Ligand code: NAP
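A single chain, nothing else alongside it, follows as structure tokens in the form predicted alone.
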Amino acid sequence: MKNHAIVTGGSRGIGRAIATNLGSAGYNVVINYNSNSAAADEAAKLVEDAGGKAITVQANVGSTDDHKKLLGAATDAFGPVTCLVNNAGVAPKVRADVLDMPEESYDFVMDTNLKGPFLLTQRVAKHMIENAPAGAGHDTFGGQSIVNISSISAYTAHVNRGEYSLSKAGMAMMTQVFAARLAEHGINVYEIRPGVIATDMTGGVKEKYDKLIIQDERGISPIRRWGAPDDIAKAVRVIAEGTFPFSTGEVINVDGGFHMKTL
């Protein structure tokens, strides 16, 4: 089976690195973007320069109508999808005390970070089941995988962006729910939990995290550097290539050791 991946939010940052790394593994990659077509085109070129093939598809992950368009474009271009990477995510437009968080901010974050990925996974999972290779099942990994890009915010309470933490904690359980349901079809599901990664989203808090990661005496993580988008991309590629056929529902921390409690 030829490998074809959909990477949501694939035009920039972590998503672009994931798409490029999969391209270097020979994947055909569907780069989903919401609004920045120029960035998506740049990402597609990087995939092709790396040795893969790529198309770009505009779709709002928070819209179920767009899910049908995204999957349809993917199958029309490359055939059955073998890997879905739920990477697209947004932060609140304004950080606000959880006691004052407006309802529209909650809906904005949850639609893109949890509701959208859940319903897109539901659609793609049915597609994968219909196109599963012969013999795939409880005892045989079929080469199809779903990877959810979560965050250390899944277990780190943010009182000034509570909706973001909730969305990522929900994605953690979403991973387990689909992992349990899809195992009988030989489809494995994983969660990658990034730490503090240098992207556009974290650019506004660089000074704060430079201090917490690098300058403080102990730092918030044993590995004293910012994470890079390619750190996440390498983990996705290992999963997509089927390196862990007897693992599903697994959380892979790519956070410099932030998740550990140390004295």
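Counting begins at 1, following the sequence as shown. This structure is a prediction, so every number in the text was calculated from the model and none was measured.
The same protein has a further form, the form predicted in complex with the ligand, not shown here; the description that follows concerns it.
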Would you check whether the ligand, in the predicted bound form, lies within 4.5 angstroms of a non-hydrogen atom from each of Arg12, Asn87 and Tyr164?
yes
Using a 4.5 Å heavy atom cut-off, state whether Ser105 contacts the ligand in the predicted bound form.
no
Using a 4.5 Å heavy atom cut-off, state whether Tyr27 contacts the ligand in the predicted bound form.
no
Please determine whether Thr175 contacts the ligand in the predicted bound form, using a 4.5 Å cut-off between heavy atoms.
no
If you check in the predicted bound form, is Gly195 within 4.5 Å of the ligand, heavy atoms only?
yes
Tell me the stretch among 176 to 184, 118 to 126, 132 to 140, 149 to 157 that has any heavy atom within 4.5 angstroms of the ligand in the predicted bound form.
149 to 157
Applying a 4.5 angstroms cut-off on non-hydrogen atoms, the residues of 30 to 46 near the ligand in the predicted bound form are Asn32, Tyr33, Asn34, Ser35, Asn36
